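As C-alpha cells, one chain now follows by itself in the form predicted alone.
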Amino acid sequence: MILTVTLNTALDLTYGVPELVPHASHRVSDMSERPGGKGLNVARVLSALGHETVVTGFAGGSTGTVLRELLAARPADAPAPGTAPAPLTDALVAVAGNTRRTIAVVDRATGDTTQLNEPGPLVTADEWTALLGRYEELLAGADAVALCGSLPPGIHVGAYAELVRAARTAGVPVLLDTSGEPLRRGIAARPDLIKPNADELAQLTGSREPMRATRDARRRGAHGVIASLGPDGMLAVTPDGIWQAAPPARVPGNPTGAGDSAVAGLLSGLVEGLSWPDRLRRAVALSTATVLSPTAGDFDRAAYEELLPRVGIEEHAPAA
C-alpha cells in the first residue's frame, strides 16, 4: 500500500470559457468538480497504475463532505484497458472548518489557465494530534508515503519535518513535495526524496542553474532530489547517480496536475524496484500525458503508453 498525505485538501472546480477577458462577464461553456489537493491527485494516478493507495489529511464542512462523496464515487483515472483500478481508500481526518476550494478558469481559445486557491480551514491542535495518530497507524502498513502540498492555517511550519521523521522511524520511504519554509524545514529531516519545480528549487537554494541548485538541495538533507523542469523534463541527483529525462517533444496543453502525476510515477517505480532511469521515464511520460489530457489533472492513458519508450535519458558524471 502507498500512503499519500494531503494536509490541505481541496474541492477543485474547473470552469471553461470560450475566451478569458479581464473586466468582462463570461458564460461558462463547461464545468467540472473533483476531489483535489496534491496528494489526492497523486493517489488517483497511483490507483490507475494498479497500486493500492490510502489518502489521509484533513476534510471538513460542506465542501469536505462533497469532496469525500466524490472521492468515494469517482473511479481512478484511466485504468489500463481491461483492468479495474486498484483500491483507493479514504482515511481523511474530519475537522470543524470548511475544506477549501480551488477555482481554475480555462481559456479555451488559448489553453491558458487562471488559478484561484483558497487558504483552507483553520486546523486546531486537537485535530493535528488526531491526524498524527491516524498517520502513525497507516505507516505500519505502508510501502512508501508521499507528503504533498501546502499547509492549512493553524498547522505549524515544521509539520512536514515531523511527518518525515515519523516515516523514517517506521522505516517507510518518504517523498516530500511542498515549497517555501515547510520544504526548508522538511528537507532538514532527511526525506528519501523531494520533488521541487524550478521555482521552488530556486527559492530553496538561491540558484536557477538546475544542476547546481539540485546538488545544493541534496546537501541540505534530502537523499535524492528530483527537479521538475517543466517541458524540459526532470533532473535526478541521487545516491546512485545523476540522470536527466526529457519528453521527445514539447507539447501544448494544461500543466495542472502534471507534477502530481510525476510524483505517482516516482513512487510507483520505487515500490516496484525499478531502476532510476525507468522511474524517470515513467514520471516524465505520466507528466507529459497529464498536460495532454483534455481534463485538467487527469492523464491520457494512450499518450502515456505511446510516450513511455520515447522518453530520452541522459546520465551525467558525478561532481568531482
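Computed from a prediction, not measured in an experiment: that's the story for all the values here. Heads up, when I say rigid core I mean the largest set of C-alphas that superpose within 1.5 Å between the two forms. Numbers for residues come from their place in the sequence shown, where the first is 1.
As for the form predicted together with a further copy of the same chain, it is not shown, yet the points below apply to it.
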Would you mind picking out the stretch of 243-251, 180-188, 118-126, 195-203 that comes within 4.5 angstroms of a further copy of the same chain in the model of the complex, counting non-hydrogen atoms? 118-126
Contact of residue 89 with a further copy of the same chain in the model of the complex (heavy atom, 4.5 Å): no
Closest heavy atom of residue 26 to a further copy of the same chain in the model of the complex, within 4.5 Å or not? yes
is_contact(residue 62, a further copy of the same chain) in the model of the complex, heavy atom dist at most 4.5 Å: yes
Heavy atom to heavy atom, is residue 223 within 4.5 Å of a further copy of the same chain in the model of the complex? no
What is the one choice in 156, 101, 215, 168 with a heavy atom within 4.5 Å of a further copy of the same chain in the model of the complex? 101
Decide yes or no: are 163, 172 and 271 jointly within 4.5 Å of a further copy of the same chain in the model of the complex, with each residue judged by its heavy atoms? no
Sequence-ordered residues of 14-45 touching a further copy of the same chain in the model of the complex, heavy atom within 4.5 Å: 15, 17, 20, 21, 22, 23, 24, 25, 26, 27, 28, 31, 33
After fitting the rigid core, is the C-alpha of residue 29 off by 2 Å or more between the shown form and the other one? yes
Taking the rigid core as the superposition reference, indicate whether the CA of residue 19 shifts 2 angstroms or more between the shown form and the other one. yes
